[in-house]
Each structure stands twice: as structure tokens, then as C-alpha cells.
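Listed next as C-alpha cells is one chain, alone, in the form predicted on its own.
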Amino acid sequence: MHQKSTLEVRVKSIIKETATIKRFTLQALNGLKLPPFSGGSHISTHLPKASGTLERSYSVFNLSEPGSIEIAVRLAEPSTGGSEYWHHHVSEGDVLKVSYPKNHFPLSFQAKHHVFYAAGIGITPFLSMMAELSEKNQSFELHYAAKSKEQCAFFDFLNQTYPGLCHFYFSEGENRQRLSAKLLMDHRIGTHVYFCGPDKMIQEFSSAAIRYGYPAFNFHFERFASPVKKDALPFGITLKQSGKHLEVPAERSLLDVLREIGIDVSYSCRVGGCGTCEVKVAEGEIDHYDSFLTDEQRCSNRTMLSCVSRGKGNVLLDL
């Protein structure tokens, strides 16, 4: 999200949910309440580092007190900076800046039944969704994959809060069980399904939903990391209005390069799901890695999402 407005929050508590996942409870300063949010919302956190502010987005939920916001952060291996900072440099009492909650992964209330498929830290957006549905007496169920019970964040909370509605799949231990996309065949007409996990899992379940005849508006997904770009190459861009030429290195995004030189490109999710960072293309071919544009828009080569997509060779941007 473009940093037009931020909130100052204090880290009230830090709970170690698993060996690699910590839960952070954030509260407003001066006893105020933080803004409410709908199921599936996220915030961008602004982390102060010597090299500059590091921005990372996390799904929000609230398992503790009204008026607070909670996030869960998995320590990634290797970390690109965000999870390492949260795990090793954030302490209780610290004051940080965060964005107002935004929602690009909302519940569909056209659904007669909601089914959530989570893998690992992908459970986080579903915590707020399930709370909202439960409050409204809406029908739902959860299918949640992790390596083991010990590495399954919020296992006890989910079992106690939603008895009989949560199904767990552990890939390690004596009773190994894999979360299978074939489960999609078991849901009644009118069901909406939601996927959150690694990119490979999202691709598998989305492809299966299409094969099994789910309408496009009946399945929803959110990535918690940018799509993997195999053998990403640097590419050149030219700004049509100024004629300025820039290089986008293989390890950086077009969004970062544009903002670094003062081009005011708005953004939010940074994983190609919301469309906020869309820029117009005047000439050139694009490798699209987003999940937002239509097939027709991708084929036109007239637009791209600057957070994840890349040019083939040189690209003339309508900027």
C-alpha cells in the first residue's frame, strides 16, 4: 500500500506458536482501539532498518482482546528480511508503523458453504474469516496441512473453538496423511473454496477446481509470497514521458525500481493479487506472474503488475 497514512502500534505480546512461527499482538497507543477489519484482511508493516524502511504484508486476526490486531510470522529460510526482523529484532513494548487494514481476499457471501484449504502459515487469513462466519452463523469447514501437530500453528485453538469443523493433515509421523485436491469433488453445489499456502499448492488446487467444474467466481486464493520466477533475467524499461532509461535487475521488482526514482506507483499486496500497482505498457512483451489480470489483458501486452511481472528485453512504459 502506498504510505499515505500509517498507524503507530505497540507490540503488546509475543507468543511462540511453533518452533518457527510467532504471534504478535499489536495495540494502539494511548489506550485507543485499532480499526476494525473484515475476514481476510491484511496490513503492511513498516520495519526500520539501516538500509531503509522494509515493508511486508501480513494477514490480520484477533484471538485475544477487542480493538487489537494480531499477525503471525513464520521465520523463512532464507529470510528476505521481514521474518528475520520480526523474529530477532522485535520485542514486547516496541512501537512500529503499520498501514490501515486492507482486504483483497474477502469472503463471498453468495456462498451457501465455505471451505478453507490452508498449508503452513497459510492458515492466517482463515482465522479472521472463520471468526466472521461463526459470528454470522454461516456454514464453513477447514482443511489444514502441516508437517506435524507440533508444527501446526493454532492447532489447540482451532479444535477448541470450532469442534468438528477442522480437519488436519500431517505429512510426518505415524499417521501420515496428505491434503489432496480430490477433496474438492466432495462439496455440494453452492460451495465456495479458498486456498492459501505455497504457490505450488495454490496452482494444484486452482487447476483441480477448474477441472472439477467450479465456476471461476467460486474459488478464491491468496499467496503469502510472490510467485516463484525461475531464471529471472534483468530487463530494461524506458519511461515514455521523460525518455529516461532504467535497468531492472534480476533480483529486484519493477515496482521497487520505479519507486526508488520517485515514480509514485501505489501498491498493496506485493504478490500480484490485487492490481493496485498496475502500470500501462506502450511497447514490449511481458512475462506475467500475477493472478489478477484476465487472459485477454495479459495477451494484449498493454498492462502489467509492477510488483511481480517482468519484461522480455526492453519495455516502453506509459509513464
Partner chain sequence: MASTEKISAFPYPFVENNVYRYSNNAIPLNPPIAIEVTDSYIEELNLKRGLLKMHPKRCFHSEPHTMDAQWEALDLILNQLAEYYPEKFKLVTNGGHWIFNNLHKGEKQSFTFGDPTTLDREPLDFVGRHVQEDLILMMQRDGDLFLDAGQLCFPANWSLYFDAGMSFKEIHTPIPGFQSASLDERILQFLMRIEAGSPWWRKNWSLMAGNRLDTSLETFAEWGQARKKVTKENVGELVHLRVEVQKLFRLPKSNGILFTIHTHMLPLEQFIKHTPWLEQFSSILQELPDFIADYKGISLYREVVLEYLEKELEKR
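Throughout, rigid core stands for the largest set of C-alpha atoms superposing within 1.5 Å between the two forms. Residue numbers count along the first chain shown, from 1. Computed from a predicted structure; not experimentally measured.
The form predicted in complex with its partner chain is left out here; the points below concern that form.
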Find out whether any non-hydrogen atom of Gln241 is located within 4.5 angstroms of its partner chain in the predicted complex, and reply yes or no.
no
4.5 Å heavy atom contact, Gln110 to its partner chain in the predicted complex:
yes
Is Leu255 one of the residues lying within 4.5 Å of its partner chain in the predicted complex, judged by heavy atom distances?
no
Does Ile43 reach its partner chain in the predicted complex if we count a contact as any heavy atom within 4.5 Å?
no
Name the stretch, out of 22-30, 284-292, 65-73, 247-255, where some heavy atom lies within 4.5 Å of its partner chain in the predicted complex.
284-292
Within 4.5 Å, heavy atoms only, which of Glu77, Glu92, Glu150, Glu135 is in contact with its partner chain in the predicted complex?
Glu135
So which residues in 163-192, when you check its partner chain in the predicted complex, have a heavy atom no farther than 4.5 Å from it?
His192
Aligning on the core only, does the CA of Gly272 end up 2 angstroms or more away between this form and the one not shown?
yes
Is there a C-alpha shift of 2 Å or more at Tyr58 between this form and the one not shown once the rigid core is superposed?
no
Displaced residue check between this form and the one not shown: Arg298, CA, 2 Å or over, core reference
yes
Checked in the predicted complex: CA of Leu293 to CA of Pro101 differs by 3 Å or more, atoms lying closer
Looking in the predicted complex, decide if the C-alpha atoms of Gly275 and Met130 are closer or farther than in the form shown; they differ by 3 Å or more.
farther
